[in-house]
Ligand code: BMA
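Presented below, as structure tokens, is a lone chain in the form predicted on its own.
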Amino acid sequence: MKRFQGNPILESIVTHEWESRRVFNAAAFLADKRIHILYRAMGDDGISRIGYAATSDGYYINERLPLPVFEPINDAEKNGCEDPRLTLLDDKLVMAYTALQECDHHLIYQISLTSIAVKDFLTKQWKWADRRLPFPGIRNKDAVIFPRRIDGKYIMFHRIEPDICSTRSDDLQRWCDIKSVMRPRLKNWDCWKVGAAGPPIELNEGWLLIYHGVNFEKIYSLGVALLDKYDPEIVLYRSEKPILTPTEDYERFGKVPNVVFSCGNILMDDQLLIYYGGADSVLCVASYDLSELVPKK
């Protein structure tokens, strides 16, 4: 995998109180020949909010807003809105994120879903729809929704530790049929827990899924899986080695050391651009030729 030589592409801005400490894990959406980025940011208060930036070439940021575009508004997320992931469905973008709250000195994290019309997103009218917890009271995170219905159902991948699980819905509100899809593998780079990165990408060969894996030394790396096109709960291929693992200083040293963690990936001209957080402190990008990622028959 080719890291961008200009990494990190986003860093904190000390004069912006809400993003003065860390900017990292980001969703990505391609429209109007620009990649739009929603990134997680933290300031001195330790609460995660979501900011906006954009790039025309995938690498150099040429727009960044000075204020957050999404922040906590209810008790379930009063301690932060974390790790956004965006999926285009018809004329709206559905955002899955982690809602964080502290209760009795314990942090409770849950999946939360919301949406915004594409036209409002592109004109920066941040008219987010109601926020819903699909599994209230269940500790859960790393949720990502497939970009179309499959066999008449919406499908969401999420993590009930330590597995990547699937669930299905008719209306994006009521979710059922939870089952494990991918589990940690002993004596491997993903032996402790696994979780989905950005939305799966549909190819002729199946669904390409970038995912993170963690080993017992708590090193976060990225790998790839190929899922059946008609039943993505069937894993056709899974990388034996990671495609990206922490080696650079901005990945090895930070708030949480030895972490590469992705929430967004874009396919552009047969190049897969993967946006990832380095050490839970900065935002980076790396690229991969699609022909190298898809397993050869």
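For clarity, every value in this text was computed on a predicted model and none was experimentally measured. Counting begins at 1, following the sequence as shown.
From this point on, the text means the form predicted together with the named molecule, which you will not see here.
Asker: Go through A54, I47, V235, V256 and name the one with a heavy atom inside 4.5 Å of the named molecule in the predicted bound form.
Answerer: Contact with the named molecule in the predicted bound form is made by V256 alone.
Asker: Of these, 130-138, 81-89, 176-184, 200-208, which stretch puts a heavy atom within 4.5 angstroms of the named molecule in the predicted bound form?
Answerer: Selected stretch: 81-89.
Asker: Can you tell me whether F261 touches the named molecule? I mean in the predicted bound form, with a 4.5 angstroms heavy atom cut-off.
Answerer: Contact check for F261: yes, within 4.5 Å of the named molecule in the predicted bound form.
Asker: Indicate whether the named molecule has at least one heavy atom within 4.5 Å of a heavy atom of Y220 in the predicted bound form.
Answerer: Within the cut-off, so yes.
Asker: Which residues, if any, of 32-56 lie within 4.5 Å of the named molecule in the predicted bound form when only heavy atoms count?
Answerer: Residue within 4.5 Å: R40, and no other.
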